[in-house]
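Next up is one chain by itself, shown in structure tokens, the form predicted alone.
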């Protein structure tokens, strides 16, 4: 195994890692607002890719417009999930709420299979397919789009939470919900915002990833589980940790598949999850002794 090959695996891992990072960020947003793991997050990713591909094929929309439609529809789905399923059961135990999100995931996946069928749907690369050579290894332009979307989304989320009233209110609810309510912050509205943002981020991840893997109704389940692993790895509830955890997990997957065997690629994420829970449950950037 040469250094160039290792570098190639590293670059390949960054592509999938960027997607995991966006999914993990969605997990952290909802967890901070509700204390619940939203296992429907992977389906938001699926909807982003499928709606974009379907809108281009059925309605002849340009890529940028189809992507906007996909983000808008997926955001609405996230809001409906909060209003129709999470909010009525808000006083239930966290286990019940988690089961609700699992049921929502299965429902969304089944509905997608009925609407679009089982076939894969291609999505054209945003900037062509000509590989770019970086220090002897190659990377596709679409991989740069994935990494760029991850970076831009992370910066936007940082700006929202740092400089906007809504972002600061969401941070307050994440730190101390009772105190936030005493200050006049409506907790239910912040939960709705968190689901909307998580759904939009998931859709963006699905749109930039679809040209690499193609869109299909059943891709959300595995992506969601790996995004959850990335969130735990980085520190559940920590935005920066989510980004870091996703990138690290993607690189570990690629290196494991290249250096050991591609048969173990999917298992690596769960091995990392178990190891992290045993060694440092709070994650890389999580605080020891806290719930974050």
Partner chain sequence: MLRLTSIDASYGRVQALRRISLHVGAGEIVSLIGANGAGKSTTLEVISGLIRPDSGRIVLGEQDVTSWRPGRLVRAGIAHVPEGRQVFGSLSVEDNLLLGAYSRTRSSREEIAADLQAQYKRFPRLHERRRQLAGSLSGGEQQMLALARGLMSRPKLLMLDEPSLGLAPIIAHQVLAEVKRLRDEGLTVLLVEQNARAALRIADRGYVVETGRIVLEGTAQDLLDNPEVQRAYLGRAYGEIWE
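Positions refer to the first chain, counted from 1. None of the values given here were measured: they were computed from a predicted structure.
Another form, the form predicted together with the partner chain, is not on view; read the next lines as being about it.
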Task: Heavy atom distance at most 4.5 Å to the partner chain in the model of the complex, all of 168, 175 and 185 - done: yes
- [ ] Tell me the stretch among 148-156, 213-221, 175-183, 80-88 that has any heavy atom within 4.5 angstroms of the partner chain in the model of the complex.
- [x] 175-183
TODO: Answer with one of 197, 71, 97, 190: the residue that has a non-hydrogen atom within 4.5 Å of the partner chain in the model of the complex.
DONE: 190
